[in-house]
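Next up is one chain by itself, shown in structure tokens, the form predicted alone.
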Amino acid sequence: MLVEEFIPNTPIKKIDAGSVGYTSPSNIALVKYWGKKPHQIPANPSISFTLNHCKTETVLEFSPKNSDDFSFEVYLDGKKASDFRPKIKQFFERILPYASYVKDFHFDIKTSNTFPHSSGIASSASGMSALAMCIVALEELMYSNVDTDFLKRKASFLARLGSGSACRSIEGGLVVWGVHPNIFGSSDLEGMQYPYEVHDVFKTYQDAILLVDKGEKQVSSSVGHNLMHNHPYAQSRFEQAHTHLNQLIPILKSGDMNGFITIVEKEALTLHAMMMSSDPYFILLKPNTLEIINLIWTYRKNTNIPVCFTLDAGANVHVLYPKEYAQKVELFIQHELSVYCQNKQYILDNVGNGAKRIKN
């Protein structure tokens, strides 16, 4: 696959002012991406569940202009959000070779989340994927006979340039990002729906996100990724990710709960082990994170219910479980785990269908 395929090469159609809008969900990685090469290329492949309720809604209002520079304002929940400007400008700079028309318009980017920003839920993934979908929707207005499937692929490609994990939020279900020799079509440039057979249990999987700490992380994911460059265990970690993804192929087909739980929890703990052994080292886990993990292990042992945890780069805990056990697990969360959450807050989510157009 070549990046050139994402550069428009057909005559442009002039359009007037208007707006496009998309919602796009967050995602939770089962095999983690941690460490990257230049140009937002992952150091190892990853696979994730696309979520359903934890999402960003973005409306892109555009109006033609003549000046040769980026022109935009960002609004979060109706209020001007100047803090987002540097990240959005960087995104526009990165996508310019593939979307030169972004300099032809002034944009008002109006966005809101259904979950707390910077809380360990991947708001950059949902936010950048929603914006990327808006950008390609604008492209669809400007170029004739553009294939819809191609535009979704391009949105994933562009979203990756804003936030790596954002490329996994365009499609629904299980999404792979990064080249793996045993996953046909896998790419470092974009996320793709997992192409092989998936047991029904994984199509309706539940994810309860326990909000242990809703504050800003003390170390950003971007900084953490960069600390993998000289990490003494980096190469072993990258090899482990390849191995785990390969082992998941038969597990996802058969519905092997024990195999799934082992890989998912090992991946979560390895992610944080990399943080704790980097230079400089850091810890994003909180005491309540560990309390929750131990309670999940005890509950699983005592009930034989296949509930497990995973973690992103933060203190919050994602509790994963099959839909058939939802009632029992959610009572467990309510009565025993919520006390370890900030203000007893948690979000019940499940596997979703990816980005969706907002009808004006």
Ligand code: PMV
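These numbers come from a predicted model, not from an experiment. Just count from 1 along the sequence shown to find any residue number.
The form predicted in complex with the named molecule is left out here; the points below concern that form.
Contact with the named molecule in the model of the complex, judged as any non-hydrogen atom within 4.5 angstroms, is confined among 316 to 324, 299 to 307, 55 to 63, 24 to 32 to 24 to 32. When you look in the model of the complex, the only residue of S278, Q206, T289, S163 with a non-hydrogen atom within 4.5 Å of the named molecule is S163.
This chain is drawn without the named molecule; in the model of the complex, the residue among H106, K110, R94, H225 with a heavy atom within 4.5 Å of it is H225. In the model of the complex, none of the heavy atoms of L189 sits within 4.5 Å of a heavy atom of the named molecule. Shown alone here, Q240 lies farther than 4.5 Å from the named molecule in the model of the complex, counting heavy atoms only.
Contact check for L245: every heavy atom lies farther than 4.5 Å from the named molecule in the model of the complex. The named molecule is not shown here, but in the model of the complex it comes within 4.5 Å of a heavy atom of S221.
Heavy atoms closer than or equal to 4.5 Å to the named molecule in the model of the complex belong, across 252 to 275, to one residue only: L271.
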